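Only one chain comes next, encoded as structure tokens, the form predicted alone.
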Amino acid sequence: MNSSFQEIGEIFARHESFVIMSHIRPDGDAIGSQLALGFSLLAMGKKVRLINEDGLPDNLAFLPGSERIETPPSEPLEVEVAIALDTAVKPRLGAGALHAASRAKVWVNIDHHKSNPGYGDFNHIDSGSPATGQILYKLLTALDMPFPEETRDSIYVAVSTDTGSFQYPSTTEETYLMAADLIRRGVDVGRINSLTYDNHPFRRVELMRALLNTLELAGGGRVAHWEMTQATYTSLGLKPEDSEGLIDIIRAIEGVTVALFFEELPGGKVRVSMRSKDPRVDACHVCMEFGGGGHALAAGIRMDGPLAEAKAKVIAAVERALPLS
């Protein structure tokens, strides 16, 4: 059962110290959600630490207040409440973050992934929301919590990045009404969109070139896939955030139903990102076959390699899931 906003608000009112976390390899929704809630609680006079296992990605350092995102300290924090945001399963917070939060007496889990099992003491999972940032917007406004500029800008970026700049099918009327309210509150749309989407390092363009050289089609042209090896990652001096959003390039190919991005990880693991353009192909359901999960149209897997074997297994599963017509 979902906890109500009022129940979560009571936790905020009753406690004084919080650690707010999000998943490893954080994206805009993860970091944006942490900053949004964190700065609202800070404005209430609460003590707040913002922890991410991998720290702050360079591409989100423009967000006001982002310098407060830190990697986990070596010793557990003396905090009353641990809050997990945008994280489908608890281990995805990372071992260091879990250790840092180990003394928390209460766990709150707020997320929009349909595969989230509800691992908190208090859970609010809304798989119909396009972003965790939109859930937090509803939470903060429902509870009339403080809405400083750090919260405002971070919610905009959280939702914009998780909806493909308000383009994905998960975008709703409510999403646009939220964006309009954020603009009324002072979001500089031109500036923040430019910093989000038009400010990439050259190595990202080099990565795109390398990926295009691996692009293939399967499933009668309905499945597009490309791959990034560890050799490519190392030779280009890449960072995890450099590949963020690139899968949309092959998702946009005419006739393609499912796009797959295979990434070779250290230690023989393979990371798979999956995007579906057809609700009849549930990406989350396919990914769950391999221990992954996510959303109906966007999901992911971390699985054993080698890369060639992982690709063959996942592509076969996707082809089985394709509709007959």
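Residue positions are given as counts along the sequence shown, with the first one as 1. Quantities reported herein were computed from a predicted structural model and do not represent experimental measurements.
One more form of this protein, predicted together with a small molecule, exists but is not displayed; see below.
> Would you kindly say which of 257, 273, 66, 59 lies with a heavy atom within 4.5 Å of the small molecule in the model of the complex?
Contact with the small molecule in the model of the complex is made by 273 alone.
> Which pick from 204, 251, 222, 113 sits with a heavy atom within 4.5 Å of the small molecule in the model of the complex?
So the residue touching the small molecule in the model of the complex, by this definition, is 113.
> Just to confirm the contact call: exactly one of 66-74, 285-293, 32-40, 46-54 touches the small molecule in the model of the complex at a 4.5 Å heavy atom cutoff, so which is it?
After filtering at 4.5 Å, what remains is 285-293.
> My question is simply whether residue 92 lines the interface with the small molecule in the model of the complex - judged by any non-hydrogen atom within 4.5 Å.
Yes, residue 92 sits close enough to the small molecule in the model of the complex that at least one of its heavy atoms falls within 4.5 Å.
> Residue 301 near the small molecule in the model of the complex, any heavy atom under 4.5 Å?
Yes - in the model of the complex, heavy atoms of residue 301 and the small molecule come within 4.5 Å of each other.
> Would residue 88 sit within 4.5 Å of the small molecule in the model of the complex, counting heavy atoms only?
Residue-level check for residue 88: yes, a contact with the small molecule.
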